[in-house]
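Next comes just one chain, in structure tokens: the form predicted on its own.
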């Protein structure tokens, strides 16, 4: 009886020993997991370092959005101005115009990219000859590696008023020439086509890889049941790659306030006449830095993009989680 009554008291008297044992047990499990997954951790190191250097180390620079930055004073000694940079950014109608342009064009890009790349992946998945399949995959993937500077030159060769290919074709057909670089209403469609041409091949390969990972047994069973190829796509292929589509959508929504600077600057040739429909937050900030040297306002715009983009992806993920929790990112 004495031993039985003393045992709990002994355990209560040594809570620190239990904590140390629990900590050592957790540490041993962590080390065991690290040894088990060491190859995968080593493979992920370049990506981790890239994110660390370009995403986390510059974070103290957020403070520049709240200061009147002067290069000779440095980041910490420059005068604190609070939210004046944000007030200056949104004081004119330009801020609302570039925000609407950014969101509107990125929304079109997201929808057309997902639909276009999916259709392209489904077509590539139907090619049964290996040589042709590899050729088509390389052909649609190649534009992804072309610089926006080169794409801008291609676009100018097509759209130039004097000797552009499209205007020369219109002349041959007896139609009036179009001054593309002075017609802002046409450029949302032009940029959408350009973005689709350059980026759809990349995501089509991603979707194609997911399709190739689907077990052939599903299609064999569907064929035995008399399902056509179209029904197999609707009932098997698309539902099984839906999680990947949703992840792509959520990641794209998270950057809906970030425009592709290269496309909007080089393809439009930074034409002032096109600003009503093509001027976005990134190009506006670039001009502010180049012409005014206002680092504080540029920092405020960048922080505004990041915060609103974070809230957007959180809301989109919440909506997806409400519909189907298994398809959300977190």
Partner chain sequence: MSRNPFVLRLVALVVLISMILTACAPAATPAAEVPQAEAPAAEATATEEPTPVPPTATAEPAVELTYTYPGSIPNDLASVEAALSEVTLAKFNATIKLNPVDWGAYTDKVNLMVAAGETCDVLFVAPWMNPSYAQLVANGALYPLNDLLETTPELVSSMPAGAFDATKIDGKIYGVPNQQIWSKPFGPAVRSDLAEKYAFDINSITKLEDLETFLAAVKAGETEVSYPAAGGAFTNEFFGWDPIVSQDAGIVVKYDDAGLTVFNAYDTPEFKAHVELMRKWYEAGYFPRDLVPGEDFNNVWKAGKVGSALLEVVKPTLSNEWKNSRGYDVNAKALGPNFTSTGSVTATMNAVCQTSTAPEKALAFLSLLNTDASFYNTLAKGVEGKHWVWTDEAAKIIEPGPEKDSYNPGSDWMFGNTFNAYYSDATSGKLQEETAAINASAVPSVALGFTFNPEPVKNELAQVTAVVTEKGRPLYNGEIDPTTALPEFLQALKDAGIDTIIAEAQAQLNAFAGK
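Residue numbers count along the first chain shown, from 1. If you superpose the two forms and keep the largest set of C-alpha atoms that fall within 1.5 Å, you have the rigid core. All values derive from a computational prediction rather than experimental measurement.
This protein has a second form, the form predicted together with its partner chain, left out of what is shown; the following refers to that one.
> Would you please decide whether residue 235 lies within 4.5 angstroms of its partner chain in the predicted complex, comparing each non-hydrogen atom pair?
Output for residue 235 is no: heavy atoms all beyond 4.5 Å of its partner chain.
> Whether residue 171 contacts its partner chain in the predicted complex should be assessed with a 4.5 Å heavy atom distance threshold; does it?
Taking the distances in the predicted complex, the answer for residue 171 is no, it never comes within 4.5 Å of its partner chain.
> Please tell me whether any heavy atom belonging to residue 314 falls inside 4.5 Å of a heavy atom of its partner chain, as the geometry stands in the predicted complex.
Heavy-atom contact with its partner chain at 4.5 Å: present for residue 314.
> Whether residue 107 contacts its partner chain in the predicted complex should be assessed with a 4.5 Å heavy atom distance threshold; does it?
Result no; residue 107 lies far from its partner chain in the predicted complex.
> Even though the chain is shown alone, can you say which residues of 242-272 have a heavy atom within 4.5 Å of its partner chain in the predicted complex?
Read in sequence order, the residues that approach its partner chain (within 4.5 Å, in the predicted complex) are 269, 272.
> Is the C-alpha displacement of residue 266 equal to or greater than 2 Å between this form and the one not shown once the rigid core has been superposed?
Comparing the forms between this form and the one not shown, which are aligned on their rigid core, residue 266 does not shift its C-alpha by 2 Å or more.
> Given a superposition on the rigid core, I'd like a yes or no on whether residue 282 shifts its C-alpha by 2 Å or more between this form and the one not shown.
It does not reach a 2 Å shift.
> Tell me whether residue 298 is among the residues that move between this form and the one not shown (Cα shift of 2 angstroms or more, core superposed).
Residue 298: C-alpha displaced by 2 Å or more between this form and the one not shown.
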